[in-house]
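Have a look below at one chain only, the form predicted on its own, in structure tokens format.
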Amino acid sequence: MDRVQGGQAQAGRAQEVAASGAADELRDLPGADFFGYEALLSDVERAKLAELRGFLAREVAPYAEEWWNRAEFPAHILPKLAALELSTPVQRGYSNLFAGIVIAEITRADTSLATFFLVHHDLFVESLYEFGSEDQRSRLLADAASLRTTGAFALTEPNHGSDVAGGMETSARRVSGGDEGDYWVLNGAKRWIGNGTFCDYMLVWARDEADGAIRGFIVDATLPGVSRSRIENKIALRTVQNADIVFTDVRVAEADRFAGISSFEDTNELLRGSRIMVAWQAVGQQLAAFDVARQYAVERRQFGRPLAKFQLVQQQLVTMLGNAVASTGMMVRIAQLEDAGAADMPQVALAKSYASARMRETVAMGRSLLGGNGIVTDYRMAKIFADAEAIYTYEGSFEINTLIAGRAVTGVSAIV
């Protein structure tokens, strides 16, 4: 028995040495940015990206699986995340390409944290920039941008996802308040609201009972009549605290109605931007899957040699890399169109549809390449594989985005 145990220990040490050598070898190999898209960034942006990567390597990557397994949000890292000063990068003078790569890079480390980031910054904070009144921005923007307060974007409803624009049931009724001023009464329910269990404020969309128009409201989450409950038993984005939210006669001051919103059409710019960022998440997922699969293929030995020496394994890795590179290339062009003010919704829909489809294929190959180890979060791939399903669906499902692009190229709508 002692000899057997000694032999096992020696074999284990040999495997550690081999793995260490494989890791050293990996550092000398090309990265997932195989076509060098990051070279399009400015020197300042590349330096900031390196700072972000250092933060993610220290503060996120070692713990992301544990957060995911426990379905716990790491609120303790928010001050450190805020210190990076990456809230709404374009508002800070960075390019749209850099803003997209930031989301992809955070996703590469942890999809859930990236989802928090884009819901808070690219939907809530960006809404304050785009649609908030001067008073609303002065009251809320500084704290939100620095993560001293957190926000959510409450649009989707229990009975309405893709058709929420026409089917929205949450209502808003304006009431004359006399000496107290006018206020609004909100009734209804929202579902799948990211950050919804802990946010300080939420941007709530409701239909005006008087004229049927869609209005936006900044709602303090602690107001009487607001009820929040976490959605349980998810198999994706477990760290994200999605909520069911019910509004029962919630009184919102006229001063907290979003001044720049008078119809659902006013939200298209926001939704287009958030759809772009979710497409960048699809890129980040593929980068993560490739990272894990390649390292595993180089380090894992079967039949006396590394998996990477098998032809079919190399074919899978190259397909995964090709999918990631092609998806990134499409998103780089979208960023260039954004810079020119020329990115339209059909183009964005095609990008999100294409990138999410390639993502699904890529993470499935990665999960298969890891064999049995691909279904436990210890090896990261199972988490990557599961989280991809959420990206495939939210900010317009694959099918809806496909039909938006299809309508553009045929002139005929298959949606309505």
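Remember, predicted model here, so these are calculated numbers, not experimental data. One rule holds for the numbers: they count along the sequence shown, beginning at 1.
A second form of this protein, the form predicted together with a small molecule, is not displayed here; the remarks below concern that form.
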{"item": "Partner contact for G273 in the model of the complex: the small molecule, 4.5 angstroms, heavy atom", "value": "no"}
{"item": "Partner proximity in the model of the complex: A405 to the small molecule, non-hydrogen atom cutoff 4.5 Å", "value": "no"}
{"item": "Contact label in the model of the complex: Q314 to the small molecule, heavy atom within 4.5 Å", "value": "no"}
{"item": "is_contact(G161, the small molecule) in the model of the complex, heavy atom dist at most 4.5 Å", "value": "yes"}
{"item": "Interface segment, criterion being heavy atoms within 4.5 Å of the small molecule in the model of the complex, picked from 334-342, 249-257, 149-157, 93-101", "value": "149-157"}
{"item": "The unique member of G132, G194, G216, P89 whose heavy atoms fall within 4.5 Å of the small molecule in the model of the complex", "value": "G194"}
{"item": "Interface residue in the model of the complex among A390, L369, A351, M381, criterion: non-hydrogen atom within 4.5 angstroms of the small molecule", "value": "A390"}
